[in-house]
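This document starts with one chain, in the form predicted on its own, laid out as structure tokens.
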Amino acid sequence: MTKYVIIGGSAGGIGAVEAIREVDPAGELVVISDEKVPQYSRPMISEYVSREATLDTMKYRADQFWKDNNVQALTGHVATKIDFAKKMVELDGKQTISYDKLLIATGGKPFVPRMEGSDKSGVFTFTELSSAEGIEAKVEQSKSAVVIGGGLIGVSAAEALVKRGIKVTLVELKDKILNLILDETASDIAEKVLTDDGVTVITGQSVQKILGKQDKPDTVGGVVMTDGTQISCDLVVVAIGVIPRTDLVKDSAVKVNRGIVVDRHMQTSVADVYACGDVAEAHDFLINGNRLLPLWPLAHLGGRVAGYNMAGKQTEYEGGTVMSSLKYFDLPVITVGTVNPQNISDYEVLVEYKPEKTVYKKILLKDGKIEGFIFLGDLEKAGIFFRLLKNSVDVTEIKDMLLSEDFGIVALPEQLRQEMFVVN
């Protein structure tokens, strides 16, 4: 019986391998990944398409990593079934691998809605290297593109294509782009930055049909919007979002909500089975409960916690929370925690807006504590606010100075400074 089996070789799987080897240098360890080269940075896909990065620069661990850590890496293979009673994983070729401890780090898969014509050549997603390679091969013969989805992935795709000289139309079903991480004001600022760089932004609509070219009906030639408008294009990128890959645990004893539910040790409801990364619902310290947090650093951290526990070193996951840090079209943005609450009247809101400098800051307070913030254009002090939020520091006495230019660590009372840097 193999001591450790990990399904998924990306951030979570890598973190688990490193943690296991810190505790157990010799236990048999198998990693299964459907990608031939799984140890690349998915957040860098945009840079790959824009030709600012190569596959080699995207790799955050060398190819030698697997050998150096005594890992049997079954790359290019798909885990198709798990028998939890027999503790066995079945692969695509009907090969089976038994396990003592199992980690499911299968990540998320792109959400592609039903659209007539979505099977045409020239339709891509934007979350895996294979998709990026397909786009890269198509870009040279393309002049225009439609990107479906105005969230983080969609804006990232739009930027990459603009840098390659492609005319981009960005389509978002909601009224505002980046609506999950920005409020209306910040979204309007971001949209202006995109349009100033030549992106056509269409909100409140989606694509209902993908058209073929007149001479090549199986190849993308345009799209039809929900209002009937037709837009010509040479490629379509579906960038609506990702959903957890939970197929392997369907109809099993593993508890699943939106993702696989795990405890603070990253263990599932089934003994000896762990999960981490985009497939898992893990602890969020802000809400003191579990939810999906598809963030690259948290996937790696969750993998490390799972790996330690799999190897017998009891470790508790400290948790994360909703956070986005990005810089698209030269606009730096960071958002953390609650930024678009349903009942805004429950919060005290502090705002600073300097349109001439493209600087926008918004802080949401509840019961004297920071519950969330948006910083756009100026991120210099974001780290301080994150510590105040994470440690639930009561800032009532200093709330009037939070957005002042003089605010900083040295401006805090000594007791607050101590509270900020408590190690949870």
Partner chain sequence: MPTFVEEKTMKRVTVKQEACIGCGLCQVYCTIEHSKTKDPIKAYLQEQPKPVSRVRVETSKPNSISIRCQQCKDTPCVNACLTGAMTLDKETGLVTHDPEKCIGCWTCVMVCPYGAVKPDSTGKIIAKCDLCPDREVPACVENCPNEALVCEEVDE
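Positions refer to the first chain, counted from 1. Values in this document were obtained by computation on a predicted structure and should not be read as measured data.
Another form exists, predicted in complex with its partner chain; not displayed. Remarks below refer to it.
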*Is K59 one of the residues lying within 4.5 Å of its partner chain in the predicted complex, judged by heavy atom distances?*
yes
*Can E22 be called a contact residue for its partner chain in the predicted complex at 4.5 Å between heavy atoms?*
yes
*Can you check whether K362 is within 4.5 Å of its partner chain in the predicted complex, heavy atom basis?*
no
_Check S187 for me: does it contact its partner chain in the predicted complex (non-hydrogen atoms, 4.5 angstroms)?_
no
*Verify the flagged residues S41, M44 and A382 against its partner chain in the predicted complex: is each one within 4.5 Å by a non-hydrogen atom?*
yes
*May I ask you to choose, among E136, D346, E316, D92, the residue with a heavy atom within 4.5 Å of its partner chain in the predicted complex?*
E316
*Name the stretch: of 284 to 292, 301 to 309, 216 to 224, 266 to 274, exactly one has residues whose heavy atoms fall within 4.5 Å of its partner chain in the predicted complex.*
301 to 309
